[in-house]
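Just the one chain here, laid out as C-alpha cells, in the form predicted alone.
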C-alpha cells in the first residue's frame, strides 16, 4: 500500500474565541498522525505558535502557516500536482475513497469549522465522509490519516525534540533530551 508523500491540513473557518481548542487539536492530531503542516485560513498567531512549540518540545518538523487565503492555497496545491480531500459528513464513505487517495503524492485534507463554502465541494478531488453523522473534525482527521497511512501512525517516532516519552505499561517516563 502506498500513501501520499506530503500531507497538509487546511483548516477553514477558525473562530478564535470559539474554536481555539478544536483547531489546536486538529493541528496536534495532524502532526501526531503524520501530516507535515497545517494551513490556517484565519488569523490566530498565538494558536499557530503554540502548535509549533509542541514540535519543538516533542520533536518533528510540523509547521503552521497562519492567515492563509484558502482558495489560493487550494489552487496553488492543485497547480503543483496535489490532490484535495475535503472531510464532510456529506461525502462518499472514507473506505470507498481510500484506494484512490493513497495513490496521490501530495494530499491536502480540508476540514471546516463552520459552514463550508460550496466552492470547497467543487474544488475538492474527493468529498469524504468519515461516517455520515455529525461528529468532531478532530476525529475525522485522525481516522482519515490512520486509514491512509502505510505504517501505523500511532508508532511514529519524532526526532529532535526536547522531550521524549518512553512507553510504559504502568506510570510515566519522559526523557529530557536537553542535556
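Residue numbers count along the first chain shown, from 1. Every value quoted in this text rests on a predicted model; they were computed, and no experiment measured them.
Not on display, but discussed next: the form predicted in complex with a small molecule.
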* Though the small molecule is not shown, can you say which of 52, 140, 68, 149 has a heavy atom within 4.5 Å of it in the predicted bound form? -> 140
* Structure fact -> Assert contact residue (the small molecule, in the predicted bound form, non-hydrogen atom within 4.5 Å, options 145, 48, 116, 28) equals 116
* Candidate stretches 150-158, 132-140, 57-65, 32-40 - the one whose heavy atoms come within 4.5 Å of the small molecule in the predicted bound form -> 132-140
* Asked: Does at least one non-hydrogen atom of residue 98 fall within 4.5 angstroms of the small molecule in the predicted bound form?
  -> no
* Asked: Do residue 87 and the small molecule come within 4.5 Å of each other in the predicted bound form, heavy atoms counted?
  -> yes
